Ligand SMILES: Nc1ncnc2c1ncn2[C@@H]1O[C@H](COP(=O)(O)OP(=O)(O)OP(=O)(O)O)[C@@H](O)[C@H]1O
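Presented below, as structure tokens, is a lone chain in the form predicted alone.
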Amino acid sequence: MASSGPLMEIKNLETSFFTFSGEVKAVRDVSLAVGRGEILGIVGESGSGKSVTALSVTRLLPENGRVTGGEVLFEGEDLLKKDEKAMRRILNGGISMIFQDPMTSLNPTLRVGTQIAERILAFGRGVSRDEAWRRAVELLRQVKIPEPEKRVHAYPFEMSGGMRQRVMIAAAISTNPRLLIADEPTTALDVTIQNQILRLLRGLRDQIDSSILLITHDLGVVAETCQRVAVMYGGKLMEEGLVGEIFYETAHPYTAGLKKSLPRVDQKRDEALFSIAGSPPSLLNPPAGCPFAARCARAMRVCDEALPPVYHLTPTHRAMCWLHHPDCPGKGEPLA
């Protein structure tokens, strides 16, 4: 399991997209760390800044995106200061990324075995083509694809969504990364396949001794897979803590809203699912105060006027909310 010292530290990260309409401040002063051997989940609605944080770390932002501030320390070295050649070496050895949609990430004209083998050949020293192909077969077996000797010759369109996602995972772990970033790896998969993929990721974490940064909008996935959770909204980190703290000692109204949005086993068939009223803020002109204030049932005047500080509730649990100010009249009241 995890040894002392984080594998990766994100410090005061700022990322913007420069559009015809102006600067979209997609990630705003985000700081978090990924421990060695741990699975950290980043959760939040679409547009909250989760994927942009991952793309900033890996420097895979689109052309109009730019990191405007902060540091990303991977094993003590700032990735934002690396040249393109050094960054490519890190991305194909130290860090690997599993993207959300395998159909747009896999080449439809190449057999899956060829795509995995080429990755191995590109970054494996002294590896022959035959050895790379055999390694591709073993990787498919490792990610629980049946009959890997046959499947290695298949094209992506000949495989199911779950199989294609497993191929993406096989390619990602082919270089034995120390950090695996999984961006919504179970999106559009049915619950049975989703569970298999999550179990696979947990097992691989132990097999290849790597850390995992799991990006998702699903708190159920977080509860099943992660050890720690970071909750993002409006480009900001709203709350961070151990899974138990996030679920049972919820410290931010936004996190409480996400929890309440989960379907319940005891829910009646005709009972409507809960959703958080309102819409996320425009990051072209971010609000001066808490980004969640306009949608928060517990909002006070100060929430609109000033950004709340980060309150450290325990050594592992922190939240950015005025409700934790010592003088707040509702301090200590449980969140819905």
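Because the structure is predicted, anything quoted here is derived from the model rather than measured. Just count from 1 along the sequence shown to find any residue number.
One more form of this protein, predicted together with this ligand, exists but is not displayed; see below.
Of the candidate stretches 30 to 38, 265 to 273, 44 to 52, 66 to 74, only 44 to 52 has residues whose heavy atoms lie within 4.5 Å of this ligand in the predicted bound form. This ligand is not drawn, but in the predicted bound form it has a heavy atom within 4.5 Å of residue 184. For residue 57, no non-hydrogen atom is located within 4.5 Å of this ligand in the predicted bound form, even though that partner is not displayed.
Under a 4.5 angstroms non-hydrogen atom cutoff, this ligand in the predicted bound form lacks residue 314 among its neighbouring residues.
Within 4.5 Å of any heavy atom of this ligand in the predicted bound form lies no heavy atom of residue 12.
Along 221 to 255, not one residue places a heavy atom within 4.5 Å of this ligand in the predicted bound form.
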